[in-house]
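One chain comes next, on its own, written as structure tokens: the form predicted on its own.
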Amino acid sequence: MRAYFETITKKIHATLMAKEYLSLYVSGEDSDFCRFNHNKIRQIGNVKQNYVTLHLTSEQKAIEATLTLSMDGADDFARMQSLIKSMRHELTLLPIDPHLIVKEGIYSQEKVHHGNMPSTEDMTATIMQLGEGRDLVGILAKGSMYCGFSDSLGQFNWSETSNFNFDYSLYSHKDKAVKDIYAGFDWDAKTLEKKISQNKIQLELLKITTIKLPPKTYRVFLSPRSVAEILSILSWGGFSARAIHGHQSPLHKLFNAEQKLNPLVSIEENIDHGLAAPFNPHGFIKPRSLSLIEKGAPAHYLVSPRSAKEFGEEGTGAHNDEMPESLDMAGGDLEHHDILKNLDSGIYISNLNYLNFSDRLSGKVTGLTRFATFFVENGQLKAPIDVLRFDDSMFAALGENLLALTREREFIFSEMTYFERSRQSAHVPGALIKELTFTL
């Protein structure tokens, strides 16, 4: 795909008129999907698709449009020429944009990471073998994802990764299930076997009658997936330059030195170790790694080109939504086999769901426990609990109440597949928290 994109963009750039600037952003994938139910393959297929967005600028006016590539050189070239002709006409009808951001300079680079994965047939065979005798439900997505940028100044960028994401549940009865994820770049059947073995232990515990706990504060352990859910909602403006300057960020108090997090908390946007490209759709370059929170203190935030111009900041090449795509949270010293012993008595939370802000500007988040959530007594899993709603400040949960982070971290890839597979990822540890407030 890289060679095809490079060839066709050179041809289309050669057709431009004087004073025109054109950039092209291609995004595509070659992915296998397999859906499981009752530990059987119910649906399997391949998606191979490529979209290109053309951004045409002339005399302080800009317009963009997207089309699907057929991968027939003559056909794609003809359709892009026709589209550019229409865009030229529409440009004449548009007013001048005084805030138009025009990229300057040429910054060509690429990122290519090919993971080590067996065939889809071998991966699905391993999954069904490990799930034998259980009601395993889930979806496996694997393959290559890529994007590229090219402009009429001569800049060319390319990013490509091959990876997998197995999002699955093991059902016990009714709505009782253990939900987990195995994602990454290098498939290891032994790692999945270890995870499913642990899932089966929890599955047996789900047969015990649930305990209804009264709403109050509890000592809790949050699995990496639960931590990823919390970081995901905090990313809704949490690290956005626009939200911070507009006093709308849930981490506003952190970046304005009114609050601090626990020194155990260090978070960065780590493009090199995630799925995201080191450039945005308009060719602005992102740092390969950018510290966001360092030992509990604010470090940097994400600045889009438009925010850079508006607030006089140095840009970080962020997308317009200024949300992190490759969150990387440092681990701690808590070993996996010591989690229950250190939790002692409290709640082991495998999953959180339906998260939202209860008080955005105070960093307060609410949500529900879901799936395999257990009451722990004297370091032993005792019984599953009924659904609880938590409502607490993340400045407390990730601040004075944070006791430890696990040494072992997990990749959590977004399972979203709207239009195409998402490139958002998080590499996070689990967290032991002294107190988390439950309200219902």
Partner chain sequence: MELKRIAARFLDNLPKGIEFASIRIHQDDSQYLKIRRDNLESPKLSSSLGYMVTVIENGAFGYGASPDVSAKGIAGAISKARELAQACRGKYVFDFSSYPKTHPRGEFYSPVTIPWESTPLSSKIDLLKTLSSNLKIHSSIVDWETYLWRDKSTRLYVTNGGGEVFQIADRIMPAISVTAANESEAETRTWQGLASVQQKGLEYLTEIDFWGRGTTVAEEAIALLQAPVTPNGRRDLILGPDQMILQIHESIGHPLELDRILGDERNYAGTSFVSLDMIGNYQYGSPLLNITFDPTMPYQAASSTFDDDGTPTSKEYIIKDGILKRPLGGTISQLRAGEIPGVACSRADSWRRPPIDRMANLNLEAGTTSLSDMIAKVEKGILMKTNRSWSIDDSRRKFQFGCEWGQLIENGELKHLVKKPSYRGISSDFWRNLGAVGDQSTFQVMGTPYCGKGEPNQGIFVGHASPACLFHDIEVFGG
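Here, rigid core means the biggest group of C-alpha atoms that superpose within 1.5 Å across both forms. Numbering follows the first chain given and starts at 1. Just so you know, these numbers come straight off a predicted model, no measurement behind them.
FYI, the form predicted together with its partner chain isn't displayed, but the following is about it.
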According to a 4.5 angstroms non-hydrogen atom cut-off, is F164 in contact with its partner chain in the predicted complex? no
When the contact criterion is heavy atoms within 4.5 Å, does E420 count as touching its partner chain in the predicted complex? yes
I'd like to check something about A74: if you look in the predicted complex, is any of its heavy atoms closer than or equal to 4.5 Å to a heavy atom of its partner chain? no
Wondering, does K40 line up within 4.5 Å of its partner chain in the predicted complex on heavy atoms? yes
Can you check 115-123, 187-195, 148-156, 261-269 and let me know which stretch has heavy atoms within 4.5 Å of its partner chain in the predicted complex? 115-123
On the criterion of a non-hydrogen atom at 4.5 angstroms or closer, are T68, S358 and R389 all touching its partner chain in the predicted complex? yes
Residue among G105, G312, G133, P98 with a heavy atom within 4.5 Å of its partner chain in the predicted complex: P98
Picking from I63, A396, L381, L403, the single residue whose non-hydrogen atoms come within 4.5 angstroms of its partner chain in the predicted complex is I63
In the predicted complex, which residues of 160-196 put a heavy atom within 4.5 Å of its partner chain? D167, Y168, S169, Y171, D175, K179
Superpose the two forms on their rigid core, then report whether the C-alpha of P281 is displaced by 2 angstroms or more between the shown form and the other one. no
Taking 2 Å as the cut-off, check whether the CA of D30 shifts that much or more between the shown form and the other one after a rigid core fit. yes
C-alpha of N39: shift of 2 angstroms or more between the shown form and the other one, rigid core aligned? yes
Out of closer and farther, which fits the Cα atoms of G430 and Y182 in the predicted complex compared with this form, where the change is 3 Å or more? farther
Note on Y182-E410 C-alpha separation in the predicted complex, which departs from the shown form by 3 angstroms or more: farther
